[in-house]
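Okay, so here's just one chain, in structure tokens, the form predicted alone.
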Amino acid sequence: MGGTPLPDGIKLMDEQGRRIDGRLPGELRPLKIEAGVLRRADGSAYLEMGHNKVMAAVYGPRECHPRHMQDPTRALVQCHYNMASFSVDDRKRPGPDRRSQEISKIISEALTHVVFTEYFPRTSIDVYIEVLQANAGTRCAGLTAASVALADAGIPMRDLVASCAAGKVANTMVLDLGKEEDNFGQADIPLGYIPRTEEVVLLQMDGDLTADEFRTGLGMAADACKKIYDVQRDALRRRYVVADDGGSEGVK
């Protein structure tokens, strides 16, 4: 990010204004979300966003260990974000690194804002996010999946959090950056957003933007989060819709 020189033969945007993957500047990558995919988790979700593939699992509320971390007034929402070694082209060294710890912290803070933590004092709600395949935007994909997994676990929440990034590529503001755009673009703005209340729970920026470009990118990402929010809600609806004996659908 920040204007890294492009390798020979690569163009991030053509003369017709289409991006390297054929999308227009304001288009999202294809999005798929499934809730309740892991039997042994209290709640879970699987997400595909473009070529990103992310699994999220929730365990708890359960007694917080070690005990010195317990808060007598609320639960702790603890996120563990990890990229599998095989998730990127160049094999990643196993185990936590500085980037994973940073992303774990900001996702924990974003989710803490929407969970009714005061209902579960002295406990921990553990959220595990595993990136199985990475293609830029994994923190946004992880936060989106984790929010669905929390709802699937029955954790009381103010609302779901949807997340998407906007950025600047070839001097054009674009939505939902892909791998090449993330690597060789000029700026990136990941956003975590609650569409119903219009609250921002995660906001970062890598690169340089003018004030007008920032406002444009923020608006693009917020509008995209509203579309992602609808997909999240649909995934949860499908989770609890079953076919009855007569072949019609009923709510379990």
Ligand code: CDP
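Heads up: residue numbers just count along the shown sequence, starting at 1. The structure displayed is predicted, hence computed values, not measured ones.
What follows is about the form predicted in complex with this ligand, which we do not show.
In summary, among the residues 155, 160, 110, 83, the only one with a non-hydrogen atom within 4.5 Å of this ligand in the predicted complex is 83. The contact with this ligand in the predicted complex, taken as any heavy atom within 4.5 Å, belongs to 134 out of 173, 75, 134, 151. Contact with this ligand, judged by heavy atoms within 4.5 Å in the predicted complex, is confined among 174-182, 67-75, 114-122, 143-151 to 174-182. Contact annotation for residue 168: none of its heavy atoms lies within 4.5 Å of this ligand in the predicted complex. Using a 4.5 angstroms limit between non-hydrogen atoms, residue 105 is distant from this ligand in the predicted complex. Contact with this ligand in the predicted complex, defined as a heavy atom within 4.5 Å, is made by all three of 88, 92 and 139.
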